[in-house]
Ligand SMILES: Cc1ncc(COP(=O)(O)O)c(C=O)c1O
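A lone chain, given as C-alpha cells: the form predicted on its own.
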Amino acid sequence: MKRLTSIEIESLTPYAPGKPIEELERELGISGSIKLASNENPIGPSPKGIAAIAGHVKNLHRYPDGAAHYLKAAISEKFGCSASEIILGNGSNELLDIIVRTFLLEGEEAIFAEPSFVVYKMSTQAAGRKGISVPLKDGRHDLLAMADAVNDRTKIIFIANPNNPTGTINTREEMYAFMARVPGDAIVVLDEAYFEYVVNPEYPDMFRYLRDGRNIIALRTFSKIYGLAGLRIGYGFAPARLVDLMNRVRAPFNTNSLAQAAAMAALGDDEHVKESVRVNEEGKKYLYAELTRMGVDYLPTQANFIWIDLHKDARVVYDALLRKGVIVRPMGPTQIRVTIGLPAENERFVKALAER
C-alpha cells in the first residue's frame, strides 16, 4: 500500500462531525434543541438491544469474541447465507476502509457518485488511490454513466442504495442492467445502510448477485433502524473468498462485546423495526405535505431523511434554524438534509423553516 506524503495527508478533508447539542446550546444561549442532522432513529435503540447490554456489562474485563461467532450465526439464520459470507466492522464506515485497503491496489481506481456518502471518496484518497466521481442524474445514481466510466484500472464501484444524502434508490431492473455491464473482476460495493426503511417494491435483492458468485460486497448497519449508532457496529455480505481476504486486513477485536450482544438481540426485535418504519412513513407524509404547501423543493425519499433544495444559501438557513434549536445538515450550496423525526420534532422543523 502506498504511503501518503505529509503534503498529501494535509490535503485530505476530514469528516466534519456535528458538535454535541450541549455545546451548541451553550454557545448560542439556547435550550431544548432537536437534532435532525445525523439520520438517527428518533424512537431510540431497540429495547431488546438495551436489555442485552445490561446482561453483558459484568464481562467487560474479557476481550470480545474476535470472530463474532454468535452474531454471525444470527445474521446467517436471518438472511439465509453462510457465516463465511459475513464480515463485521466498527460501523460500516470501517468496512469501507477495509475494502479499500484490501482490494484497491496501486494504480487502480474507484468509482462513486456525487453527491453520495463522503466516506467512499475519503477512504479512497486516504489510501493514495484515484477516485472517479460520476454526477447523479435527477438525484439518483446514473448507473449507465457509472458503467461508462469503468476502464481497465477500475477495481471498486461504490453504490449507495438508498443514496445518502438524496434518499433515492436504483431499481431492480436498473441494477440488473448495470451489473450486466460491469466486468467480472471489478468489485461492486452496495451500501444498504437504510434498506430497512425502503417501501418501494422495485428495490433490488443483492443476494441474487451473491448467489451468482459475483464480486459484490453489500454493507448494512445496526446504526440506523436498530438505533445502535453509539455502539458502532456494521456488517457486510460478500463471497467467502472476498471475506477471507478482508479478514486478513481487519484488525482483531474490531467489534466490542456490548455491540455484538446488542446487535444480536436487536436483529430479532421485529416490533422495534416495524414501529420505526411506521413512524418514518407518517413523518415522511407530513413533511411532504408541509414542504409542498410552503413551495419548498425536495426529493421523495426511501430512507429516513429528506434532501431539500432551498434555492438560497443553505448555510444561512442552517444558521437560522440552529438559532431556533433545530439542527439539520447543510449538504451543498443551496441544499440541506433533514432527518425524519418524531411528530413534534417534524412540526418544530416546519415551523422554524417557515420563519427563517
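The numbering used is simple: start at 1 and walk along the sequence shown. Since this is a predicted model, take the numbers as computed values, not measurements.
Absent from the display: the form predicted in complex with the named molecule. The rest refers to it.
Across the options 142-150, 216-224, 181-189, 260-268, residues that bring heavy atoms within 4.5 Å of the named molecule in the model of the complex belong to 216-224. Remark: all three candidate residues (S92, N164 and A193) come within 4.5 Å of the named molecule in the model of the complex, counting heavy atoms only. R232 is the sole member of H272, R232, R129, K72 with a non-hydrogen atom lying within 4.5 angstroms of the named molecule in the model of the complex. This chain is displayed alone, yet in the model of the complex one of Y209, F103, Y203, F117 has a heavy atom within 4.5 Å of the named molecule; that residue is F117.
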